[in-house]
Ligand SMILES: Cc1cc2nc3c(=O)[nH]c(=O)nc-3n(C[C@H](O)[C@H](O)[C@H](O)COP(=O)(O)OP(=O)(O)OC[C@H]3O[C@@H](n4cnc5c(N)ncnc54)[C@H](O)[C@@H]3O)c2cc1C
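Read the single chain below, which is given as structure tokens and is the form predicted on its own.
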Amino acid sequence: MKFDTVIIGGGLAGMVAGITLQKAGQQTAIISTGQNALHFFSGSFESLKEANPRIVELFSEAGVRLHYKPGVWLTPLGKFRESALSLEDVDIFPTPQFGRKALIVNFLGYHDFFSSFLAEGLEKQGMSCRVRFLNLPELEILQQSPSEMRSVQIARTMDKLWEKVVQEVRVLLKDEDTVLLPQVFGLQDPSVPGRVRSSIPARVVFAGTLPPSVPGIRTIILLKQRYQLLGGTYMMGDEVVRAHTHEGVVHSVATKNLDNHYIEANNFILCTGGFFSKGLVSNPFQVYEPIFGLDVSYQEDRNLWYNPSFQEDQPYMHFGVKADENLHAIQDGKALENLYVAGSVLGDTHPEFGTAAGAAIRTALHVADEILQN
């Protein structure tokens, strides 16, 4: 098989690059293992501090609605982080104190929503909090197995039960001006979060949960549909196992599912993510990139790889493959002519592109533009 560009990785960076190239008339393929950082997506595009019309249009055409409002967003652990662009149902507040009194509502038996952490974080900002649990009979079958009481399983039920949840919340509501609910609405029907908000006589904030992320999965689904509608080839549940590189040029890659059938392309983009999606791999002696053997920036002293405090910044999250100023991947100190790198597999090696989701989008667009200009 031969394509103009092959994208290795179907996360946020891979989808943005694929959609951009397909819109420009290229024939592309995305090879995706099915597991990526969007499963952890908070719904906020951190480090994107401007309302870039190009980004908003790309997501809007896929049915992903965004809103722009510089400020802070609330993390699942009750902390606040700067942001400006987020999904429509994820709030950005001017200041961390966005209300006077808050009612935090969880579902009985659901342990992936940290009510106590949220209450503690909001109370530090001067808000008074009350935590209550809803006992919904429709969730009892899920409670029989702890593995079923997860965000995605609950979300499949919530889109059908949102009106009942609203009624229960209205009964619980006293003099609170804010209601916090788990971010488990709108997986199959993106209009549900808006309906919930308009039906409760208080400000409704959908707070993040332990992954998998419902807004993230919804975003994956919509971006994938848009990419395929544009004619892109999406190879789901497959992974690249080896590559054929000669004299600084990548000629083809082979995948687990296609066995010995190589996939050729004029250009390749590596969007395999960080440690979670195995874009980077470690052993007791080193951190390495497993497909091409690219050069990686990391601390040689293993004791400096992590911070013992769970809630503190973890150094290993900043490790990444090396790339030149145009994001050509570097192998043995030399840039590969037609292999580009985008997304979190870069770590913090190119801080000029920002961090997290913002970096994924910026690097993907930069790489796509580089390919189209050459």
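Just so it is clear, the model here is predicted, and its values are computed rather than measured. Residue positions are given as counts along the sequence shown, with the first one as 1.
FYI, the form predicted in complex with this ligand isn't displayed, but the following is about it.
Shown alone here, Ile291 lies within 4.5 Å of this ligand in the model of the complex, counting heavy atoms only. A residue is said to contact a partner when one of its heavy atoms sits within 4.5 Å of a partner heavy atom; Gly273 meets this definition for this ligand in the model of the complex. Proximity of Val90 to this ligand in the model of the complex: non-hydrogen atoms within 4.5 Å are absent; the residue sits far from the partner. Although the partner is absent here, Ile8 is a contact residue: one of its heavy atoms lies within 4.5 angstroms of this ligand in the model of the complex. Comment: 25-33 is the region of 63-71, 50-58, 318-326, 25-33 lying near this ligand in the model of the complex, near meaning a non-hydrogen atom within 4.5 Å. Taking this ligand as it sits in the model of the complex, the stretch 236-256 comes within 4.5 angstroms of it through a non-hydrogen atom at Asp238, Glu239, Val240.
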